[in-house]
Each structure stands twice: as C-alpha cells, then as structure tokens.
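Alright, two takes on the same chain below, each alone as structure tokens: structure 1 and structure 2.
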Structure 1
C-alpha cells in the first residue's frame, strides 16, 4: 500500500496550478511508480475566490497559512507564491512547525538562503529547490551529487527563459522588444514582475544558487555583476548575426586564480557553440568539472508544467527521505561555507563587440581607432555599411570587434570615445563568449 503524504501548497498560479493538476490527475501513476500517495490537504492563495484552471478538492483553498501549519498530517509545504518577504516568513514558519519545504523560489533562496537553510538544519528538516534553477532541468541534483567528485571551474549558460524567448523572437520574427515580452508573459514564462527577468535579476538569483552549489561556497547575490536585456536593440542582434554570433543573456560563474567571477550580461556566443542553438524559452547550462570536463544540460527553464515536474521530483525525494539525508550529510549547501574570494571587476579578458554611432564625415574612423589604440586595444574587424543617400550629414553605425582585451580597458575606451568628435552617443558594448577548457564538446 502506498504511503500517504500530506501536502500544503502555498500559491496556485502558473506553477502551483500545474503541480496541483499533476498531483490530482496522476495520483495513481505516481503512487505506482514511487509508493507515495500525495494528498493535497491545503492550498493557500491570495484570493480564494479566483477561478483556477484546475478542479481543486472541496474545502482545501484558503487565504492563510495557520490551518496548514497546524495540520499534523501535512508533512511537506510546497512554496510557490514567489517574492521574498512573505515567502521567507511562511517558509521559516513551516520549518519551525516541523514541515519539510519544497520551493521554486530562487529570489527567496538568493536573498535569504543562508537563513532558510540554517533554520532547516536547526529544525532537523530539509529544503529542496530543484525547480529554483533552470525549471524542468534536473540541474541542481546533477551538479550537487552527479559531479561531487569534481572541482568545478565554471558553470555558465542561459538561465532565464523569458529573456531567451525575447532575444529569439526579436531576431527571428523581427518582433519588437515590447511585443516579445508580452508574449512571454502570456505564455507564463515571466515573473509576476517581469522587470526581474529583463533586468537580469532573475538570472542573478539563479546564478547565486547554482554557483553556491557548484563552487561549494556561500556565494553572494550582491557580488554578481548584472546587466539585462532591457536596452537591447535589433541592430545589435542583426550585426552580431552578420559576424557569426548569437546574442544570449549569459549567466557565468567562473573560477580564476585571483578569484571567482559572477556575471550576468548580454553576450555574443559564436554560432558553432551549443549555447547559440538554444532558442525560445529553453535554458541550457554547461558545467566544467576537473574530472568530467564539460557537461551540458538543456531543457525547458520556464513555464508551469516543466517547473512542476521539478517540484514533484523534489517532493518525492523529500517524502522518500533522500532529500533529508542529502541535506544533512553533504556539506555542499551555501550556509555552511564562507564566501569565496572574488575576482576584481574588469579583469576578465574577452573579445568585445562595439557599435559606435558616428557622424559620416572625414576622419571619424581614424579618431575611433586612435581611442582604442590608446588603451592598447587591437581591432579585429571593422564594418560600416554605406548610409542611405538623402542629403545632409548622416550618422552611421560603425561595428568594431576587438582582439581579446581586459574589460576595464574597453570601459575606459568607451568613456573616452563619448567625447570624440563625431561620436553621437555612448557606444554599445557586448562581450564575446570564450569557453573554459576550449570548447563545450
């Protein structure tokens, strides 16, 4: 006979609803596969009167957590409400009430992870969070357990489905940024506040968790250098394509001799690289380990059902006792270790793409080349298409790619360039990705 596990679900939106549907519609299959029968005893939401896309059992829906926390038959609280403050309170209460917690909330863990994990240890409970990074991809367990014999040198990839969807749609369908974002929201990929997606914060949350697990150090959200895609223009995506690059919002954790670098920023990926082929809402992550070399993980990183898939797998791991053992025994969780040493900003060496808006008159390109040369930056390619001929002085986009150079030199050159005669606006700069270990193959 299957063991019955009482569940308290907090949040029944995009992910919660998909999870409730799986639990209700696949109850018998899950029991047959796992020996566990999940019973949805409480569903806590903000507005109990709201129509849901799933038929919930009578009497389970309510607005507050007290009844759920007092119910001794609830063994696991599944937090799918999002946000940091209320979610923190709710999760800490669940742990101190003797419940294990499953959460998909990367913001909560990136901001309050140390406190939440420490509270779980103090209460003898566990927190499982596979769905918090890369949605349906079983990434956390692969890194935490599958690669335990490795020193991880780098973990990097596409961690936000909304941004990847926007970048793909803009280039392939000539869609405006605003239109592509609205589609991503309608499809359930975006956060309740989509600013968190497009400004890079959501990727930074996930990178903080992933890096902490991979590097086995307590990585800090505040140390992630973040820029998002909100200012991205189609001309740069198209110019990159001409040069053989695809623009991705890359999240990168990379260990250098002088410290760890954590960065989220739009990056040009050479079109031959596996990450360049990752389109739409898909996520992909490459992890480079000392023994395994490159490993690559690909799948749906956003959306109700893919995320619910990871949540359900955590629930099974918790209910069967595996998650608790891992949590208690493996010293690879972020609260147990000191923070890493971080690499000083600007030290990372890469090729860079620059787009400079230049008045089309004599000497302009020479002045740009001199500014770059003064910083020791060597030009790899330079492109200027002839502007339309309709009289007057035109502004033309001049596209420069550099040979590998430190970011701080590029930043200095950009500052100088804005004062150069004929340069009409601050140049756009996008770094070009280079793989640790020389390729993802």
Structure 2
C-alpha cells in the first residue's frame, strides 16, 4: 500500500495549476511508480473564488496559511507564490512547523537562500528547489550530486527563455526588438511587464543559485554584474551572424585565480558551440568540471508543465527521504559554505564586438582606431556598412571586433569615444564567448 503524503500548495498560478493537475490526474501512476500517494490537502491562494484551469477538491482552497501549517498531516509545503518577503515568511513558518519545503522561487533563494537553508537545518527539515533554476531541466541535482567529485571551473547558461525567444525571433524574422517582444507577450513567453526578464534580473537570480551550488561558495546576488537585451538592435544580430556568432543573454560564473566572476549580459557565442544552437524559449547550461570536462544541459526552462515536472520530482525526493539525506550530508549549500573571493570588475579578458555610429565624414575611422589604440586595444576586424539616413544625416554603422583585451580597457575606450568628433551615439559593446575548454571562440 502506498504511503500517503499530505501536501500544502501555496500559490496556484500557471505552475501551481499544472502541478495540481498532475497530482490529481496521475495519482495512481505516481503511486505505482514511487510507492507514494500525494494528497492535496490545502491550496492557499489570494482569491479563492477565482476560476482556475483545474478542478480542485472541495474544501481545500483558502486564503490563509494558518490551517495548512497547523495540519499535522501536511508533510510537505510547496511554495509557488513567487516574490521574496511574503514567501520568506511563509517558508520560515513552514519549516518551524516541522514541514519540509519544495520551492520554485528563484528570487527567494537568491536573496534569502542562506537564511532559509539555515532555518531548515536548525529545524531538522529540508528545502528542495530543482525547479528554481532552468525549469524542467534536471540541473541542480546534476551539479550538486552528479558532479560532486569535480571542481567546477565555469558554468555558462541561457537561463531566460523570454530573452532567448526575443533574440531568436529578431534574427530569424528580421524583426525589431519591440516587435519580437510583443510577439513573446502574445504567445505567453513574456509577462505584461517583462522588465525582470529583459533587464537580466531573472537570469541573475538563477545564476546566484547555480553558482553557489556549482562553486560551493555562498554567492551574493549583489555581486552579479547585469545588463539586459533592450539595447540590442537587429543590426547587431545580423552583423554577429556575418562574423560567425549568435547573440545570447548569457549568465556566466567563472573561477579565475584572482576570484569568481559573475555576469549576466548579451554575449556573442561562436556558432560551433552548442549554446549557439539553443533557439526560442529553451534554456541550456554548459558546465565545465575538472574531471567530467564539458557537460551540457538543455530543455524547457519555464512554463507550467516543465516546471511542475521538476517540482513533483522534488516532492518525491523529499517524501522518500532522499532529499533530506542529501540536504544534511552534502556541504554545498550557501549556509554551509564560505563566500568567494570576487574578481575585480573589468579584469576579464575577451574579444569584443563594437558598433559605432559614425557621421559620414572623412577621418572618422582613423579617430576610432586612435581611441582604441590609446587603451592598448588591437583591432581584429573592421567593417563599414552602407550608411542609412538618420534624421537627414548620413550615419555609418562601423563594426569593430577586437583581439582579447580586458573589459575595463574597452569601457574606457567607449567613454572616450563618445567625445570623438563624428561619433553620434554611445557605442554598443558585446563580448565574445571564450570556451574554457579551448574550443570555439
């Protein structure tokens, strides 16, 4: 006979509905596979009267967590409410009430993860969070357990499907950023307010969690340098393709001798690298380990069913006791690991792409070359396209790629270039991915 496990679900949006549907419609199959029968005893929501896409059992829906926390038959609380402050209070209350927690809340763990994990340990409980990073991709446990014998040199991820969809559609459809964003919103890949996606914040949350697990260090969200995709134009994507690159919003954690570098920014990936082929709303992560070498994880990083799949997997791990043993035994979570040394900003060396809007007057390219040369930047290629008209003025988009150089030198050159005669706007800068394994790029 299957062991009955009481579940309290907090939040019943897209992921919550998908999870409830799986628990109700696949109850017998789950029990047959796992020996566990999950009973949905409480669904805590702000508006109990709201119509939902799943028929929930009578009497389980309500607005207050008190009854759920007081219910001794609830063994696992599943937090899918999102946000940080209210979610933190609810999760800490669940742990202090003797309940294990499963969460998909990347913002909560990026901001309060150290406190949450410590509270779980003090209460003799555990927190499982596979769904918080990369949705349906089994990434966290692959890194935490599968690569436990490795020192992780680097992890690179396309961790936001909204941004990846927008960049893909811009290039494939010859579309503007605004048009691609509107299409993403229409298809449900982007929120009505897409700010947290397109400005890189969502990816930074996920990178903070992933880097903490991979590097076995307590990483801080505030130490992630973040820039989004709103400044990327179609000409950049097309120019990158001519050069053999594909633009991705890349979340990067890389260990150097002088410290850890955490960055989220648009990056040109050489088309030979597997990350370059990741299109549309999909996610992918490359991890480089000392023994395993390059491992690659790919799949749907968001959406109701994929994320609910990861949540259910965590519930099974918690109910079977596996998650609790791993949580207690492996000293890899931020409450048990020291903070890293961080690499000084601007020290990372890479090739860079620059697009410079230049008034069509003699001597402009020479002035650009001199400005770059003053910072010790060597030009690898330079391309001048046919000048379009901009308010009646001929503006030449000049595309420059550099040889490897520190980012701080490029930033200084960009600041100087804004004052150069004929440069009509701040240059666009996109770094070029460098493979730690010595491959493409």
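For clarity, a rigid core is taken as the largest C-alpha set superposing within 1.5 Å between two forms. Numbering follows the first chain given and starts at 1. This one's a predicted model, so the numbers in the text were calculated from it and none came from an experiment.
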Worksheet entry | Number assigned to the form predicted together with L-homoserine in this pair | 1
Item to complete: Verify the C-alpha shift of residue 72 between structures 1 and 2: is it 2 Å or more after superposing the core?
Response: no
Worksheet item: Just checking, between structures 1 and 2 and with the core aligned, does residue 182 shift 2 Å or more at the CA?
Response: yes
